[in-house]
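The same protein chain appears twice below, in two forms, each given on its own as structure tokens and labelled structure 1 and structure 2.
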Structure 1
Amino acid sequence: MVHAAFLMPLFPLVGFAVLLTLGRRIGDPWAGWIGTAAIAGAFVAACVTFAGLVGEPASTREFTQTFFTWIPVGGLQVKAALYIDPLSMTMCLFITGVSMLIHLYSIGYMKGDRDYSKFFVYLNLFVFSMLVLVLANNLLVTFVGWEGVGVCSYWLISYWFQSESNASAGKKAFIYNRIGDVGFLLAMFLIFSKAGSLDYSVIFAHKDLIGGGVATAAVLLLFLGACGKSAQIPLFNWLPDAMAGPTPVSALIHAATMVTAGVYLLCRVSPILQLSPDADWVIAIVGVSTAFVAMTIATSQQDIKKVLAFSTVSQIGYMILAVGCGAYTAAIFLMVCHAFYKGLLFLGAGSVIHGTEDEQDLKRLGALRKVLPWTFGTFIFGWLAISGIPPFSGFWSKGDVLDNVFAKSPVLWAIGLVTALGTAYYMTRLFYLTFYGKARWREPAPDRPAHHTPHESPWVMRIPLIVLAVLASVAGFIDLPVGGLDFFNTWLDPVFAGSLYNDHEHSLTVWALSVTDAAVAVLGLFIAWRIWRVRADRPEFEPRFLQRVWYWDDAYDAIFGRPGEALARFSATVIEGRIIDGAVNGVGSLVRVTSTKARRFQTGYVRNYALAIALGLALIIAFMVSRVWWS
């Protein structure tokens, strides 16, 4: 049954090919159904493979499916092969599952769009690339998937490219990711030069060949790649702008799956991470800083999607923090739960946006609980889950991360706890501004008229909301911090054997920490409830510093943007205008002046030419005679 693994990427690829060639003719809504069916096929294949893998004994739960040798060059043998182990299996299950739900949702959300089928072309290609990324058995094939998801992300952010700001948001995402990709590539070169292979199994078998300094460099370069893809400091600014894309894209790519690829990559190469404790500290500190900074920004954003975007950055910061602490299982656990509840929150926000005809401003929403009952009802579960209220999934997964962080450093744990408080605060603010208070959409704003009564979304959009609400509520039970009930931990144990686990902690400590987490979540919720329950206009709680994202973009603009622009202008006027154009024009005018002089010789009179020949002949003869004479 495990040999069904190749069907996982195959289904989306076939869906992509069919939609690419026939999509326009199939059109709305059948193109969407074909796209959804392709992902559903991949999900079934993933379930079958999973069943096969569970049937194996725990120690042999891994196998490689090789298709062909992609690059056979001397010592560099890169195979196109899939590597299935509990880690990649977990990724595949939730990627295909969440993708399937979001495809279904998109059928309703994208209804009536000009390029309906194109949307599903991109989305199917994205799922294919994502599966290649997680299933690859070597770094290079992972990189292929890595770039594939990057380019799909670019296309989908700029999906409504008629607007200039959407197009430049896509470019911004792409360029930030390129910076990270350089790190990934350099790390790959470094690892290959030491270990002599790019296959994960070979690298891990020869990890002793990678010395301490080289390991630190390789890990930091890989982490740079992860920072780009997973929107961590200093490369996090692209993710909020990526919200320019359609909301299902934000849910799928920029919340549930693609942005967690960086975390996955670090977990995949965890044996190398363990070689360098210094680099692990860097990872942990960057993670906790990102979590904290993004949390503070999320408390003051006006746009419903921007709040969720910074929330995503913050949550991925938690995952990176967990990776830095060696708690890979906790990172993956949070990633899975986050995919469920953040996917739910984004889809709920999409439902709000859909129902109010593209209103994203929190200050123009409000009192939607009556008119959007299904969205409201499901949103509650997402809200409570991300806030960390027991017994929803966020409580267990975030608690797992924080327990591990506490074992590494109480200081990092304290920052993480403050972030958890802020998380509960900003989500409650979002929730109350959207669903409670006055119906502000009834009043006309200076720049746009009052809305009609919003309408609830169709059933294709409600079903994913309901399924994700259920998952967001119960997903935490796959890994309870109690011996015997930590199924997820046991399942991933063969992959991450030897890393730090919270069962090393005394159970009393775990209890105390859990109670603290829950208390903090409730406190954050209560503060936001006091502030935002009735009034929407509280500028004292939305400082300009936070609304402007800590002036981060302005700083980049001043440090890189303006000098770059000045350099470009200098090149355009001086280097291009004077030096290069000068050389080209100089050659041109030299030829023109010379030829103006030289053309006088061409008179067109035959006798002149004949005379020239005669004179030339006379000269030659005179020369030869003189040679004979004086010899």
Structure 2
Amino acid sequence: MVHAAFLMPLFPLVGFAVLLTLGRRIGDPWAGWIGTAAIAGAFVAACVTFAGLVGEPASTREFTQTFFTWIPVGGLQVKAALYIDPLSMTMCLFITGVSMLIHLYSIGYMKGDRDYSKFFVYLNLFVFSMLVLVLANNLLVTFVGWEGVGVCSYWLISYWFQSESNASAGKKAFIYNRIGDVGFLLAMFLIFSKAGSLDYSVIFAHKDLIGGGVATAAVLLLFLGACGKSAQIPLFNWLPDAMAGPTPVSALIHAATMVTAGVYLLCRVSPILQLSPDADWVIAIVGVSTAFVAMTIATSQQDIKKVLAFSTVSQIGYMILAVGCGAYTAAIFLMVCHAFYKGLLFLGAGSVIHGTEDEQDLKRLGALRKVLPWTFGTFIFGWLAISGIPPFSGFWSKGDVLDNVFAKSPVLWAIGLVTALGTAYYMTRLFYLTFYGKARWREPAPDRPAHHTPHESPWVMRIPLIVLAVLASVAGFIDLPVGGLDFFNTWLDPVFAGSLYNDHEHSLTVWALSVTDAAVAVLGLFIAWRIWRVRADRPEFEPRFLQRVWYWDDAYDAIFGRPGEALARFSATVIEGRIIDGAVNGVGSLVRVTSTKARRFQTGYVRNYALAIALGLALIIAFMVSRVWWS
């Protein structure tokens, strides 16, 4: 059954091709159903392949499906091949499963859109690219999928490109990711120069050839690529602006594709990461710093989607922190659970936006629990899961990360714990401002003179919410820290053998850490409830410093943006206008002047030409006589 693996990327590729050629004729809603069916086919293929892999002994759960040799150049032999193992299979299952639900949701959310079929063209290509990324058996094919999700994210973020802000958001995401891609490419060149191959199996077999400073450089360059895709400091600014795209795009990027790519890449090359403890410390510090900074920013955002966007940056920071501590299984466990509850939260936010006629300002929502009962009921599960309340999935997965971090560094653990407190706080703030308090959507505003009554989403949007609510509740049970119930740990153990786990910790320590996690989550909920349960206007808890994202964008604008703009103006007016154009125009003017002067010698009279010949002949004779005389 593992031989069905090729069907996983094939289904979305076929869906992309069909929609690209026939989508406009098919139109709304059939284009959406075809796109959803394609991803559903990929999910079924993933389930079949998973069943086949589970049936194999743990030591042989890996399989390479080769199609052809793509680049045969001397020592560089790059094959178009798929690599199926527990890690890639785990990624494929939640990518296809969550993407299928987002596609189904999009059928209702995008109804009536002018470019309805084009939207699903992009979505299918997005999922195909992500599957290529995680199934590739070598770094170069991984990079093909890496670039595929990059360009699809650009198209989808700037999908409503008629708005200048949307177009700018797409370009911002594209540029930030290209910076990270430079790191990925340089790391590939460096690894190939030492290992002589880009295939993962060959690289890992010859990892001893990549040592010392080379290993550190390779890991840090790969981490730069991961920072671009997974929105980590210093390249995290693009992700909040990515909210300019339709909400299903936000859910797809945050839950199933794009931002998980960087974490996956680092986990895939974990044998290389283990060669450089110094680089691992850098990864862990950047991860915990990003988690903390993004958490603080999320506490003061007013746009419902931007709160969730910074929440994703923070949660990915936890995953990067786990990677830096060697807890690769914990990172993937959190990634899977995060896919469920963050997908639920984004789709729930989309349901709110859809039901309130595109209202995203938390200060203009409120009291929606009665008019949007399905959205409210399912959103509760996502809120409690991400807040870390037991027994929901976030409690187990985030707790697993923090337990491993505690074994590495109590200081990093303390910062992670404070971040967990802030996470429960800002998510409770979002929950109360959206569903409780006064019905602020009834109040007229300058850009909204009259209110309307919000409405619940159609069933095609509600089904994904219900499914994700169930998954967000129970996903944590796939890896319980109890003997015999840690299936996920056992499943990924062949991939991450030798990683840092919390198995060596005393059971009393594990219980104490778990109780602390739960107490901190409850405390965060309580603080937010006390502050936001009555009033929505609390500026003392929303400092401008945090609303302006720590002035991070302003700093980049001052350091890179304005000097770059000034350099562009100087280049346009001086370099281009005066030097380059001046040189070209000067040559033209010189030719024109000299040709005008030369025209005077072209009179057209034979006598003038005869005189010129005679003078020239006389000069030649005089020259020859002078030569004879002086000799």
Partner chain sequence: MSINGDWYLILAAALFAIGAVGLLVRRNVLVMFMCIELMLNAANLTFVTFSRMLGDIGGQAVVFFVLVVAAAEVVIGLGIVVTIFRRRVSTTADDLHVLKG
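Rigid core here is just the name for the largest C-alpha set that superposes within 1.5 Å across the two forms. Numbers given to residues start at 1 and step along the sequence of structure 1. Quick caveat: nothing in here was measured; it's all calculated off a predicted structure.
Remark: structure 2 matches the stated condition (the form predicted on its own).
Among 25, 593, 358, 68, only 593 lies at the hinge, the spot where C-alphas switch from fitting one rigid part better to fitting the other between the two structures. Domain rotation between the two structures: smaller rigid part turned by 20 degrees relative to the larger, from C-alpha superpositions. For residue 256, the displacement of the CA atom between the two structures, after superposition on the rigid core, amounts to 3.2 Å. Core superposition places the Cα of residue 616 8.5 Å apart between the two structures.
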